[in-house]
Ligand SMILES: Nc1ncnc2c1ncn2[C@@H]1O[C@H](COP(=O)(O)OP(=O)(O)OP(=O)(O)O)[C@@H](O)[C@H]1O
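Given as structure tokens, the chain that follows is alone and in the form predicted on its own.
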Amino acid sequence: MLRPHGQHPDPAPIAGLIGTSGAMLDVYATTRKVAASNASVLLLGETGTGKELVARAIHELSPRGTGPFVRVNCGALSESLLESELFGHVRGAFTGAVSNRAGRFEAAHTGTIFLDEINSTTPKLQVKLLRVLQEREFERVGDTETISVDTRVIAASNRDLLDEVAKETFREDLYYRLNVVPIVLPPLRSRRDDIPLLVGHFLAHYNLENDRGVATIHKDAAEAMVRYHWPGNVRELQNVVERCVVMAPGDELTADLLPPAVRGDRASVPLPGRGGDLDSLARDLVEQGMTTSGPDDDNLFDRIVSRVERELISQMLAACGGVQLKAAARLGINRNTLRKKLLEHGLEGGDDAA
């Protein structure tokens, strides 16, 4: 049967990935096509959009699928620790190096290494990454012996790396080495038709995991989840569904189980210097955007959401005395997500006391 130009074929499911929107069908198609090659892949998308799932799918669908899949979060370690983690070290290379240790690139030999948050790496480390991409070789920290590896590299970033290149915080030559095949993971708010599928998937999973029987979703709850903008994307939705399954008194997911933000309740926290709530801030930003950028500015929605999110996190952290765990709980997100948001928005982090 002939299909009109631009129409997608029937979706080819990929384990762990949920959605039938056009944007996700593009992701599936590119994932399957690139998996058969050895090309480097750069996954781009906001936090929580499923970049690790796509990286794992590329590995498992590839000829390397029987080899190791090694994930490294580049944003979680300092430069020196990350260098040792990636490339290994020899005894005496630094304080605490009491024995030789292989790095993650060696561990991923014949398989795939997934470098998450690649944008967090320092220029010094980027030089070593560029070499291993070009020459497939490196030296352990503190050693002169060259080690060769056969490892495929998949990298991910939640920021536009071209912007980082322009700011000279990311090497241009490394960017082009990584960006052989880019795959853009869409934010959940741009594929709202997939939300019911995702909710159903997570509902079944957490019913089984918690021995619960939440079998139905009230219309008001379903509509609220489709309306909500999900700044934490699929990961946030997953956390919300798990919470609802655990807290539901019966067999139905009702709107009162959802966090206030998802239900659409107005934030009651006053904003400094404005004397209003988050809705008034959003209205102000819309008016400013219409004045300065025009009503067709594609980035207007993202800018509004980012500004409102920043103000909400700042005020909630202040209301909780700077305790991240309490603020995260009241916001309906986990503490790791809150920490990332604090970094993204350049906010003071408070403390980690419970």
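Just so we're clear, the structure is a prediction, and the values are computed from it rather than from any experiment. Residue numbers here begin at 1 and follow the sequence given.
The same protein also has a form predicted together with the named molecule, omitted here; what follows describes it.
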Could you check which residue among 104, 263, 212, 235 gets a heavy atom within 4.5 Å of the named molecule in the model of the complex?
-> 235
Answer with one of 314, 47, 62, 306: the residue that has a non-hydrogen atom within 4.5 Å of the named molecule in the model of the complex.
-> 47
Please state whether every one of the three residues 17, 24 and 51 places a non-hydrogen atom within 4.5 angstroms of the named molecule in the model of the complex.
-> yes
For the chain seen here without its partner, which of 190-198, 134-142, 176-184, 74-82 has a heavy atom within 4.5 Å of the named molecule in the model of the complex?
-> 190-198
State yes or no: in the model of the complex, is some non-hydrogen atom of residue 120 no more than 4.5 angstroms from a non-hydrogen atom of the named molecule?
-> no
Tell me, yes or no, whether residue 158 is in contact with the named molecule in the model of the complex, where a contact means a heavy atom of each within 4.5 Å.
-> yes
Closer or farther: C-alpha pair residue 169/residue 311 in the model of the complex, relative to this form, given a change of 3 Å or more | farther
Compare the CA separation of residue 315 and residue 47 in the model of the complex with the one in the displayed structure, and answer closer or farther (the difference is at least 3 Å).
-> farther
